[in-house]
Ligand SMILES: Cc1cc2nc3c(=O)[nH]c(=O)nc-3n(C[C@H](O)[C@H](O)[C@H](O)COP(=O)(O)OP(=O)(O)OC[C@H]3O[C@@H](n4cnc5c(N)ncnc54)[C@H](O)[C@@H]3O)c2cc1C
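Just one chain is shown here, as structure tokens, and it is the form predicted on its own.
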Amino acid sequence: MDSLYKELQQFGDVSLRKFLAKFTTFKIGGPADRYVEVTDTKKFTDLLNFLSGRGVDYFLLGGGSNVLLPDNGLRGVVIRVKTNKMTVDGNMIMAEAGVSFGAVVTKAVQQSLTGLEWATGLPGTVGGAVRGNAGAVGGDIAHSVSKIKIWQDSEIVELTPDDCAFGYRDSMFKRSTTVVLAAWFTLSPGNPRESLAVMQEILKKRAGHYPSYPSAGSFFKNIPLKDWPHPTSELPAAFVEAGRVPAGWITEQAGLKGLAVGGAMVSREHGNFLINHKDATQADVLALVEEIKAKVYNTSGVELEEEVQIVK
């Protein structure tokens, strides 16, 4: 047992050669050389300081959605962020990075607050949602969060949304070593019954689209209307109004539902879900992705871009 393993024990629960597939919604991923679960933000930042000071590579894992991990696992240290404090102060909710984003949505309704109904049913943690500027049905993190606490080069800093370079399913956190520690959501007084009605309607609409097999969620980014290479008059009015053409609709128009490579397949329920149909590997998924991209480009001239984080 190496010395690093022993030193890591001061920060959380440590394991060697921990298989990561069970911690991801895709159920794909090999073993981590060293795996640490942290539940305390102070120990989390101490661990980040320790690893960066030692020059040890690390990878952060939250709820395990929106990510595709390699079949041969990850070297260095995998940190599973399970910090779980959440507080309410008036119309503001603070949640640490490891809190399930769904728990924040539920807490808002319980506190008669409105503004997060759009996130009903979204998987993942607060940290992951902020990093990827998670969004759905017209809402997103960029327009819901009021403050973010981060770790950056051994310092703790608070940012405003304007500091985060939020874009469509994007933020500065995807292009830096900055780590989200917590986020604050300033909401409005609401009516729980009205909120629940909206949430039930969202779940109802999604019910027929979400596959029963493991997946990483929506795999490709929707296409901005300005990048659509054909007359917009040919598109459904809802797409024009939203300003984006859904990637799932594009793949469906190309006849790709049910397309499979190895154990990976395009869901028959929704064209933007790639599913782990039968013991899929990352290699299966990547081969399927390339086939989808090629066929979509050949049929519509559109270049699809992954929304899911692919770790190689």
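Don't overthink the numbering: it's just position in the shown sequence, from 1. Here the structure is a predicted model, which means the values were calculated and not measured.
From this point on, the text means the form predicted together with this ligand, which you will not see here.
- With this ligand left out of view, the stretch that reaches within 4.5 Å of it through heavy atoms in the predicted bound form is, among 154-162, 186-194, 231-239, 128-136, 128-136.
- In the predicted bound form, this ligand lies within 4.5 Å of some heavy atom of Tyr210.
- The shortest heavy atom separation between Glu307 and this ligand in the predicted bound form is within 4.5 Å.
- With a 4.5 Å cutoff on heavy atoms, Trp249 does not count as touching this ligand in the predicted bound form; it lies far away.
- Taking non-hydrogen atoms only, Ala142 never approaches this ligand to within 4.5 angstroms in the predicted bound form.
- With the partner omitted here, the residue from Met172, Met92, Val179, Leu225 that has a non-hydrogen atom within 4.5 angstroms of this ligand in the predicted bound form is Val179.
- The contact residue chosen from Ala283, Ala260, Ala254, Leu60 relative to this ligand in the predicted bound form is Leu60, the criterion being a non-hydrogen atom within 4.5 angstroms.
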